[in-house]
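A single chain, nothing else alongside it, follows as structure tokens in the form predicted on its own.
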Amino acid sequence: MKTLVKSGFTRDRIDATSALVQLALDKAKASGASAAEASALVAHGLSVTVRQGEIETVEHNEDNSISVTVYYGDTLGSASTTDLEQAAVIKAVEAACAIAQHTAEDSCFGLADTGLLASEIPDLDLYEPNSITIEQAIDSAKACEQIALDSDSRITNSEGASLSMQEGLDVYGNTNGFLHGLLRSRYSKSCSVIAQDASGMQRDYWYDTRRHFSDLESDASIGQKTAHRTLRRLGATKLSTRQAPVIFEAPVASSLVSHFLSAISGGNLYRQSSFLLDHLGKAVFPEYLSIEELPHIPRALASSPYDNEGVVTNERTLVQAGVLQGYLLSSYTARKLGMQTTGNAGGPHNVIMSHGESDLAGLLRSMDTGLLVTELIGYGINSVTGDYSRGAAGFWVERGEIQYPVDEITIAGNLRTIYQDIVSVGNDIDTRGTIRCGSVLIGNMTIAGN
């Protein structure tokens, strides 16, 4: 299989990187390893930051590395190098082989089964060559910030605006005959400002991140959303401690799904450190809710035709009618559990939560009275029990309308109860991350305040 050549990476560079991975595999076999795998990364990027109309940073980065894992039966050794010269790669293989002689045996070690490896590689359009100059990047960041600053006299300061670009080549190969490379790019734009009035100061931000620069939100959109989100927080107050319904706005609602994905990941399951241990085939969410994994969405941030072991990725239903259908497993964690890999070495690929017909305004009307959470602070999740407690900020809602902003509060519950108590999911889906879901209305949570 060959990597499709696109401008930004020459055929010579792609072939040379693939050749280094093959060299590592050949050297490992020649050294007596029963199996081996290797991955190489060649990447470069640019990031600029401005504040108050002045350039703060302009950073270039170059990342080159190759990692090798060798297997001697039930033992393994790993080593890596940032030097992509042949001699350095050979030394890395020799180091991995030496390490393998001193590691404990584990019968679950080994490559993915040959029959599970990807054989046909679809083009998911994950790469757009970087054609943006430093000057253009600076101008874009300045424009974002200036639009936010000019939108209202109460916006008095800025934490800055930035534009970053990254493009790279990942090549993975193993001694089961798999060798392939993927070109990927990632572009991000963000802005953060501070507003002030008689009640005090508040800050907020907005950002966008995409595989293609042409898909990024405009400078005007980023600046305007930053200003709007910051201004609406002015006058924030605390709440008294109470029980009430809670809506997680779409940009923070994905964290609820993230905790679920962590709980069904193989590492937590075989270590018995998951609050969803032994929940396969059991109801975790309400009957109307489903969660899917869609690895082949063009241009999506988590799309990939294969996982970190070369295993083909496929569309999967993780939750159907509220019932947990499957885990997220690599070859190693699957063997630990007596199961088969699900093609999730390296994590999930584009997880999508089902939704209803209401937008955020509709969810507010449905909730009538309660809390809209727009920011989460800190991390208070017990992965074993599911106990949940996080700092939050947002808005108090009455009669389906936002009444006033609130901050310095804590929301708490248990994730098993929270998941079962999801009343509805909005259609305001946030597509900027690896998890895609709309705003989520929870029937009841503890809100700790004054």
Partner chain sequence: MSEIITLAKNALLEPAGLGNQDIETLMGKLCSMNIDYADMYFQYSCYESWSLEEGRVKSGSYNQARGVGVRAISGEKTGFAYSDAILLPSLSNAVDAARSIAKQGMDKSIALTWPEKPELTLYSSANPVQSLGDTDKVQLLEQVDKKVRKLDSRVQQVTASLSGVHEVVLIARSDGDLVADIRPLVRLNVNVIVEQNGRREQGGAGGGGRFGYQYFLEHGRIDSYAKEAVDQALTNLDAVGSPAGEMQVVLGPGWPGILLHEAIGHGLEGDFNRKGTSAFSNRIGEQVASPLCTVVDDGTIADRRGSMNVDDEGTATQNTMLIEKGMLRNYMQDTLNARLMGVSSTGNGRRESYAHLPMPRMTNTYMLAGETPPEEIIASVKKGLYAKNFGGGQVDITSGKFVFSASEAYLIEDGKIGRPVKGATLIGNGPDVLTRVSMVGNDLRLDPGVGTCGKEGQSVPVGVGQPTMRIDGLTVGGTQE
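Positions refer to the first chain, counted from 1. The model shown is predicted, which means the values in this text are computed figures rather than measured ones.
Beyond the structure shown, there is the form predicted together with its partner chain, which is absent from this document and is the topic of what follows.
Chemist: So which of Pro348, Pro245, Gly77, Gly310 reaches within 4.5 angstroms of its partner chain in the model of the complex, heavy atom to heavy atom?
Modeler: Only one option qualifies, and that one is Gly77.
Chemist: Would you kindly say which of Pro122, Gly338, Gly378, Gly235 lies with a heavy atom within 4.5 Å of its partner chain in the model of the complex?
Modeler: The residue in contact is Gly378.
Chemist: With a 4.5 Å heavy atom cut-off, would you call Glu398 a contact of its partner chain in the model of the complex?
Modeler: Looking in the model of the complex, residue contacts with its partner chain do not include Glu398, since no heavy atom lies within 4.5 Å.
Chemist: I'd like to know whether Gly449 contacts its partner chain in the model of the complex, with contact meaning heavy atoms within 4.5 angstroms.
Modeler: Gly449 belongs to the contact set for its partner chain.
Chemist: Mark Ser383 yes when one of its heavy atoms lies within 4.5 Å of a heavy atom of its partner chain in the model of the complex, and no otherwise.
Modeler: So Ser383 counts as contacting its partner chain.
Chemist: At the 4.5 Å heavy atom threshold, is Thr81 in contact with its partner chain in the model of the complex?
Modeler: Flag for Thr81 set to yes.
Chemist: Can you pick the stretch from 182-190, 167-175, 365-373, 236-244 whose heavy atoms fall within 4.5 Å of its partner chain in the model of the complex?
Modeler: Looking at the other structure, the answer is 236-244.
Chemist: Could you run down 383-401 and flag each residue that has a heavy atom within 4.5 Å of its partner chain in the model of the complex?
Modeler: In sequence order, Ser383, Val384, Thr385, Asp387, Ser389, Arg390, Gly391, Ala392 come within 4.5 Å of the partner.
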